[in-house]
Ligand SMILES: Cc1ncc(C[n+]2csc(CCOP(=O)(O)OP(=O)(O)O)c2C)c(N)n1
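One chain is shown next in structure tokens, namely the form predicted on its own.
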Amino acid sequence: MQPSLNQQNERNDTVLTPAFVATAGAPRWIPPVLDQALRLRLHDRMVKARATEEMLIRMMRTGHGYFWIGGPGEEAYGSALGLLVHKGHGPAYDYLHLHYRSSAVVLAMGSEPIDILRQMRGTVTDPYSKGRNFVNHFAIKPWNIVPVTPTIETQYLMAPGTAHMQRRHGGIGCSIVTGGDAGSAEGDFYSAMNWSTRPGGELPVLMLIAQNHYGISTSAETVQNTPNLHQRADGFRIRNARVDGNDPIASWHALVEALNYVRHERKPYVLQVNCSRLYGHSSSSGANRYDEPCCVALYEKRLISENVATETELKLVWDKWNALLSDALKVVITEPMPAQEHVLQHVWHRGAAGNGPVEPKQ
């Protein structure tokens, strides 16, 4: 079903500009021009994502939902990524292997907040898992969004699989995988880099590392010996860079550079995105607001100072999404929960007939 820094970023965050040679007759990807209208659209998507996440936290605290985990603090780069995705179904389009902090990506692509509220509450109307999974665990077949798993970083090793298919298919479609800094220390991340760089078999994969300096409740500085996680790609001869992920404009340009390289060179790229984690790891740690840089507030100050928008106009965006979310919650709390007879639905594949209930073996 199609769904209706604990630390300030370093001042020397840089973007490495890739060079590529166009092949005669090959398809080209031309990203949107980041004009004033698109800058305002970016803000709209960032607010859409933040307002949705804050509603999810309120649902958890008022008994309308259960376990919350999400991505407040990743709206800047996530919204930029969502607007740059080559959206569609099949190998000609991008495949997305996301983690559970990727709500901004999916919402920027056009997903509706009400569907995320449905998954938070666990209703049968949840289009991503029919009330069977944690919130922000998306699965959208028409958009090539591979099911998000609760186990961290397994998605890194899945991405070379779809990228291998895209390498054989040709075109500009690539596989995009997102994860966190803690998970980048796991073997799946290194295996993904290895499988993406076999001589003569390089793969079009964009690997994103959201560096928020924490792995659940553990400070990254106590576990990893470098803040520049993207440099781990040097050992695999993968082009890499880092960017201030609290800056949507810098993130946009970094993503354009990276995607241009992956789409046209058909080789992997690793991009580290330095960002904040504003409400902790999940509801298990209280989901309280942390005193870290807020990408939405920083961007709004920039839009006002550059005369792109007024404070009143930006507030209207918040009012719009908060009102829509309040109305959505009123709908969601009236919708049914999965029933006993639903337990075996969408579990086994039934061939051409699709999914259906299966009698358990005696």
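Sequential numbering from 1, following the sequence displayed. Since the structure is predicted, the reported quantities are computational estimates derived from the model, not experimental observations.
In what follows, reference is made to the form predicted together with the ligand, a form of this protein that is not presented.
Peer 1: Looking at 179-187, 85-93, 200-208, 249-257, which stretch has residues with any non-hydrogen atom within 4.5 Å of the ligand in the model of the complex?
Peer 2: Comparing against the ligand in the model of the complex, the contact stretch is 179-187.
Peer 1: The ligand isn't shown here, but in the model of the complex which of Tyr279, Trp143, Tyr261, Tyr100 has a heavy atom within 4.5 Å of it?
Peer 2: It is Tyr100.
Peer 1: Within 4.5 Å, heavy atoms only, which of Met165, Met158, Met109, Ile152 is in contact with the ligand in the model of the complex?
Peer 2: That would be Ile152.
Peer 1: In the model of the complex, is there a heavy atom of the ligand that lies within 4.5 Å of any heavy atom of Gly215, even though the partner is absent here?
Peer 2: Judged by the heavy-atom cut-off of 4.5 Å, Gly215 is in contact with the ligand in the model of the complex.
Peer 1: Hey, in the model of the complex, is Glu74 touching the ligand, heavy atoms inside 4.5 Å?
Peer 2: Yes, Glu74 is a contact residue.
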